[in-house]
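What follows is one chain in structure tokens, specifically the form predicted on its own.
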């Protein structure tokens, strides 16, 4: 295993890159010392630059000891193995299985939500028809969050009490819920507040606000 300072995470704009936020948050919550490289999205040279970092030509990419990992969930799993004492998965076997299922459902699903309610930390959006188009996904997410909080969340404000990779995977969804003015039930609403109040989330949000790049995803 390499040392912490050999970790490099390649990410997109913090304002918009939801997939980049997930492993970045996992690394921060693990207490990892890592370098980050921000590649602005939607630029003429974006694809070529990203292909220089990883085979998919997309963000994020984690580099460590000559290893290149190009998928958000795979990076998160790798971080959990690098930092076992961080407890990025629940210690209880049943809770851990459900946490992995929740993270995987986010990784592969909720297409309507991702298509309509893109992550944007620079702007608050009021487009009810887009929220309506994602209604089924929003309902399922609230159901999932409430179930996890009810069954496993007694030890803290997150889905499984303390912060886990399931929370890292859903953090961009929390941003979306607030940014698009989605009305939530009490348990999901409190969960969103807990995630957005994380010091690491506040750090990411402040960095996003300071970025020089802007993308209008409503018109592109």
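Numbering follows the first chain given and starts at 1. What you are looking at is a predicted structure, and each value in this text was computed from that prediction instead of being measured.
Beyond the structure shown, there is the form predicted together with a small molecule, which is absent from this document and is the topic of what follows.
Residue-level contacts in the predicted complex: of 30, 184, 194, 50, one residue has a heavy atom within 4.5 Å of the small molecule, and it is 50.
Residue in contact with the small molecule in the predicted complex (any heavy atom within 4.5 Å), chosen from 59, 177, 165, 171: 59. Heavy atoms of no residue among 15, 124 and 205 are located within 4.5 Å of the small molecule in the predicted complex. The stretch from 156-164, 184-192, 50-58, 30-38 that comes within 4.5 Å of the small molecule in the predicted complex, counting heavy atoms only, is 50-58. Although the partner is absent here, residue 100 sits far enough away that none of its heavy atoms falls within 4.5 Å of the small molecule in the predicted complex. Although the partner is absent here, residue 107 is a contact residue: one of its heavy atoms lies within 4.5 angstroms of the small molecule in the predicted complex. Although the partner is absent here, residue 71 is a contact residue: one of its heavy atoms lies within 4.5 angstroms of the small molecule in the predicted complex.
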